[in-house]
Ligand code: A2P
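The form predicted alone is given below as one chain in structure tokens.
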């Protein structure tokens, strides 16, 4: 079979690292093209060549999990057994090639929020991916006095990526000083006893927010439109519930063209 030429407007990215966190979640890293520019929090369309995909290319939205200053491009993905793309993407190895469309986009960016003091990053599962970029972006800490990464997964193992990110920041020569104590990581699981030694708590973030327990645990006041800004990324039910809580608290949704007090990412992987 003749190898298909890379289409115009698409990068062919060599895979340089793969890590499987669980049987449902994995991370992969690629080389970064010199001319690829994006804002932390944006997503791109990822695909595989027609040779791998049986003659066609299926594209899916993936948040760039690496910060805009990094020299490589990171992605964090769920494995969907019957997923047209992810079922094959889950088998990639170092040396393989992933296709990426050149144009990034998305609403989980600083420009879509009006200035505030506290930034809440609410995510479930692989919804942490855009925030993996944002919490390692120095601009985040120039704009906000405190950043709360709130991550809910089914079990303890699925939360490990978030802990790895926070550890990386704490041990980074430059980021550790920039971030200091401005980043707070709050992890919860819903289907098994939480690993309390790691600080994991039980329950869905939405339930913990409604009951105010999350705010009590953090020692802060609930959402306030004067000081709080929120970014949300996760499942459809989670997006709906979190948006409803933001609206009830008096926050208005924003976008790239009309910045607001909270934003939602509606792009999904499958």
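Residue numbers count along the first chain shown, from 1. Model, not experiment: these values are computed from the prediction.
Unshown form predicted in complex with the named molecule; subsequent notes refer to it.
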*Of these, 198, 172, 191, 117, which has a heavy atom no more than 4.5 Å from the named molecule in the predicted complex?*
191
*With the named molecule left out of view, choose which of 222, 237, 33, 54 has a non-hydrogen atom within 4.5 angstroms of it in the predicted complex.*
237
_For the interface check, one of 109-117, 95-103, 153-161, 131-139 should have non-hydrogen atoms within 4.5 Å of the named molecule in the predicted complex; which one?_
153-161
*residue 42 within 4.5 Å of the named molecule in the predicted complex, heavy atoms*: no
*Heavy atom to heavy atom, is residue 206 within 4.5 Å of the named molecule in the predicted complex?*
yes
_Is it the case that residue 77, even though its partner is missing from this view, gets within 4.5 Å of the named molecule in the predicted complex, heavy atoms only?_
no
*Hey, in the predicted complex, is residue 86 touching the named molecule, heavy atoms inside 4.5 Å?*
no
*Counting only heavy atoms, which residues in 88-122 are within 4.5 Å of the named molecule in the predicted complex?*
none
